[in-house]
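A single chain, nothing else alongside it, follows as structure tokens in the form predicted on its own.
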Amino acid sequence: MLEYHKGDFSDQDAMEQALAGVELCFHLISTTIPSTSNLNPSLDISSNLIGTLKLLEVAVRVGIRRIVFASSGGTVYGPPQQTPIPESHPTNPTCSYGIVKLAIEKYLAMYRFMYGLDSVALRFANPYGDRQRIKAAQGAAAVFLSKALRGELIEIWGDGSVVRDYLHVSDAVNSLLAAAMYVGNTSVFNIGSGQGLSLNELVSAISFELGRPIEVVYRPRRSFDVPCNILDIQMAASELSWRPLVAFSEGLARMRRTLTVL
């Protein structure tokens, strides 16, 4: 049975009503994105970090068994000292979004220690896929593909050499389910494809999928964009028995078929 509860993340009474009798909670909420979080860090903290602390308080009261948290493998590490990036890599985020995600991981650990509230944090790479929003400030794969389908100019910040790890949404969902069933002591996992794709290579892949060239314009690089982010996913493979199954070319083709061009 599926129930829908409408409420505000900051409203503890609404959260308590929604979570009554629930053993497992997937925490997928974020009110900010990396590219805008530095514009108003106090909003990022009040809406995401404080909101999560209220959630944890409710979880303890109602007896939640486990929280599976969507963290960010793309931002918590900052500039990489090595690639692929393992979970043991230093965490030096360059944007408020990543700082808050990391802080939430620490509070999850604190609540595990103090109250026995079990939790697993999944540090996701760059999810993309079917029915992704095409008019957003993030999600390069969907935004670029939709613009290319409409014959619009694609804007790239920097020279296009920035490398990211693209994870199909179906693989992301499977990792959430694996984390929900996990029996073990590891609490943080990287979840990605394990492979990197530059923005220029992303454009080339879209051009190949559509069978025609795409017009691109390059803008000045953004200070918070780390040059390369590829996640080491061996821990998830060994502990969660999870691996990504959808190659980027296949995921791009799926997204093209389901994408609504507005």
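Numbering starts at 1 and follows the sequence shown. None of these values were measured; they are calculated from a predicted model.
Omitted here: the form predicted together with a further copy of the same chain. The next part is about that form.
- L53 is the sole member of C228, L53, I29, M235 with a non-hydrogen atom lying within 4.5 angstroms of a further copy of the same chain in the model of the complex.
- Only one of A103, V169, L149, L176 comes within 4.5 Å of a further copy of the same chain in the model of the complex through a heavy atom, and that residue is A103.
- Contact check at 4.5 Å (heavy atoms) against a further copy of the same chain in the model of the complex: none of S161, G196 and N200 pass.
- Remark: T83 does not count among the residues lining a further copy of the same chain in the model of the complex, judged by a heavy atom distance of 4.5 Å or less.
- Mapping the unseen interface onto this chain, N38 counts among the residues with a heavy atom inside 4.5 Å of a further copy of the same chain in the model of the complex.
- Although the partner is absent from this view, L210 stays clear of a further copy of the same chain in the model of the complex, with no non-hydrogen atom inside 4.5 angstroms.
- Mapping the unseen interface onto this chain, P93 counts among the residues with a heavy atom inside 4.5 Å of a further copy of the same chain in the model of the complex.
- In plain terms, the part of the chain that comes close to a further copy of the same chain in the model of the complex, with a heavy atom within 4.5 Å, is 114 to 122 out of 177 to 185, 127 to 135, 140 to 148, 114 to 122.
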